[in-house]
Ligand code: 5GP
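Encoded as structure tokens, the following chain is the form predicted on its own, with no partner shown.
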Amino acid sequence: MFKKAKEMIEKANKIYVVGHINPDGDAIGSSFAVYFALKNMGKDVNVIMPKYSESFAFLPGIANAVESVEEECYDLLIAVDSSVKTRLAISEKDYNKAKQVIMLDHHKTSEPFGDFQYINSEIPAASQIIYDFLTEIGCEIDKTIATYLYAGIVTDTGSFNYSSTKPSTLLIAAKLLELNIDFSEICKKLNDTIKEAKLRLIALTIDNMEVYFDGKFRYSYVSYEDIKRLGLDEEDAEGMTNYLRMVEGTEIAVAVRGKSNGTNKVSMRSNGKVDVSKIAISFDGGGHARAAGYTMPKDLETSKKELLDAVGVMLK
């Protein structure tokens, strides 16, 4: 399955690994798992990663990330956990410096890229794909790599609560635990520890909640100014949809947050009856049936109306 990718890695020396912008646990987990595996193989490798939430600062070696490519040309770029090239945390200039590109992802996409592509939208986390990938190409999974893979899988499966979780996911998690990772500390840091400022952001998100279609759709918007006023960064505002979708009777929850560049990011969650990836893809985004997102292309009110129209069609 990964024979060609293995050959590309064996021939390459200088390699960069990159995930998506606004990195979550799965982007971080899959990126650094590949990084440490290739480093163990003796490759000259770097992870490109923009600023991430402080929640992930406990992960070993995460400070090794760089923000851009230093060379004029490099052998291989490995892109993980991103369905479209434009969502990668790398400039177009640095992307084009790569002689070859490997794409490993688990999102539905209409725009695959790279010289080698492996996309499986049935897998709940990119980190699970990376486990299979590293195992097949003969990389040893050590404790550090296992820690990152577990963090990524836990993040994108909602600690194994989401219906996308497969028996194979749990089997891999069990194998990672056998490597003596501190799984309880990982879960505590990622799920049970937040700053007071983020608690206030959750409260603001709930306070701003709007309800449509007889309670089936819940929508909330928080501006970038409010995020900064609370002393938070953009990355800290991830996950707000989870609190909206908990309300009984909710089919779709959407949290929109302002970004520093003036755009608005849309995060969508479904409780199962509606495939929100179809909505996201219609607005040039992507994702899964139960979790998807996109960037609003127009002003907030116009985009909100278009979203409401799309949701209305899906709920009918």
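Numbering starts at 1 and runs along the sequence shown. Just so it is clear, the structure is predicted and the values come from calculations on it, not from any experiment.
Just so it is clear, the following notes concern the form predicted in complex with the ligand, a form of the same protein that is not shown.
For the options Ile279, Val47, Ala37, Met268, the one in contact with the ligand in the predicted complex, meaning a heavy atom within 4.5 Å, is Met268. The partner is absent here, but in the predicted complex a heavy atom of Ala291, alone among Ala291, Val69, Val274, Ile62, sits within 4.5 Å of the ligand.
The shortest heavy atom separation between Thr295 and the ligand in the predicted complex is within 4.5 Å. Taking the partner from the other structure, the ligand in the predicted complex has no heavy atom within 4.5 Å of any heavy atom of Arg218.
Although the partner is absent here, Thr165 lies well away from the ligand in the predicted complex, with no heavy atom inside 4.5 Å. The ligand in the predicted complex is approached by Thr109, whose closest heavy atom lies within 4.5 angstroms of it. With the partner left out here, the ligand still marks one of 28-36, 47-55, 281-289, 243-251 in the predicted complex; by a 4.5 Å heavy atom cut-off that stretch is 281-289.
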